[in-house]
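Listed next as structure tokens is one chain, alone, in the form predicted alone.
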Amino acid sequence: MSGPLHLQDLRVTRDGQPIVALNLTVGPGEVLTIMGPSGAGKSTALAAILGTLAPAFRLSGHIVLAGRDITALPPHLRRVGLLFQDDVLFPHLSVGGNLAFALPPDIKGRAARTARIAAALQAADLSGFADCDPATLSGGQRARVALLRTLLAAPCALLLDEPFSRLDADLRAQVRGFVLDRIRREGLPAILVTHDAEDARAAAGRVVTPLGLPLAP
């Protein structure tokens, strides 16, 4: 179980103009949705939390995750996972190899690592897929593997950057349900960036703009 994600007067400006202004807490298992038109600052908000803001932006405030202030930490030490709109699986690795890449170093020994991967695949109805080439998977299977790889890195929070936007309607609903269910079961605070009102309704949480203004889902 992870702790909450606190965005304490988190502000991002560019050339003095406010881009992001968030002062809120996302609890374990909660999905906060950030909506707004292109260029409104949605991805900038995620970059601020990840620690990947471009030099042109200025950041103030604090990001506190599970009781730890991560504001000044480099991205690889923040324990914040990110799921993109593209699954970004490594084509030169098998499904199992992709998942093994994300395993924390404290899981030692081939048997322990293989067992962790097998358990993850079983939980996603992908038992027996460890040796498969990612190119042979369906879109829904690839999306599930991408999420498993993110979760196996043991993040304390999860950011979702339009992760369902490239899927057709039926597959979108299926993958979205799988992702949201895993977030709640893992007890992760999550932030979803989307243009789609149906994504926001499925997330069943608060909906805000990058400047912290509430929206109806």
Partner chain sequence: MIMAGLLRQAPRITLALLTVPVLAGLAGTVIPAFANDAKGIQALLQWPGLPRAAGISLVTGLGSAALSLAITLLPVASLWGTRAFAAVQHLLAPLLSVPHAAAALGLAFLIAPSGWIARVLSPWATGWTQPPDLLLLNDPFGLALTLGLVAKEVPFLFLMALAALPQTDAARRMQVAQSLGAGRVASFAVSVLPSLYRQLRLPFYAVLAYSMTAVEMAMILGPTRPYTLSAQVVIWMADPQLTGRATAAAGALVQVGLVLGALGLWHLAERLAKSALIGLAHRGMRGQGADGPANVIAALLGGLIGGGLVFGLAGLALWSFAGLWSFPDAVPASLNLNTWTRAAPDLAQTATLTLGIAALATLLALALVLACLEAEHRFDLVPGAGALWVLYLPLLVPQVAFLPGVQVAALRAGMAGHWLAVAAAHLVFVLPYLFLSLAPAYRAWDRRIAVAGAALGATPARVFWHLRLPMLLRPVLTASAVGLAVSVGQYLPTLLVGGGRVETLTTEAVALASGGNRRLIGAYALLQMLLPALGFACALLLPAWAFRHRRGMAVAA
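Values in this document were obtained by computation on a predicted structure and should not be read as measured data. Numbering follows the first chain given and starts at 1.
This protein has a second form, the form predicted together with its partner chain, left out of what is shown; the following refers to that one.
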Q. Any chance residue 135 has a heavy atom within 4.5 Å of its partner chain in the predicted bound form?
A. yes
### Message
Can you work out whether residue 127 and its partner chain are in contact in the predicted bound form, taking contact to mean some heavy atom pair no more than 4.5 Å apart?
### Response
no
Query raised in the report: So in the predicted bound form, does any heavy atom of residue 91 sit within 4.5 Å of its partner chain?
Result: yes
Quiz item: Is there a non-hydrogen atom of residue 75 within 4.5 angstroms of a non-hydrogen atom of its partner chain in the predicted bound form?
Solution: yes
The listed residue (40, 64, 173, 153) that reaches within 4.5 Å of its partner chain in the predicted bound form by any heavy atom is 153
Could you tell me if all three of 50, 82 and 149 have a heavy atom no more than 4.5 Å from its partner chain in the predicted bound form? yes
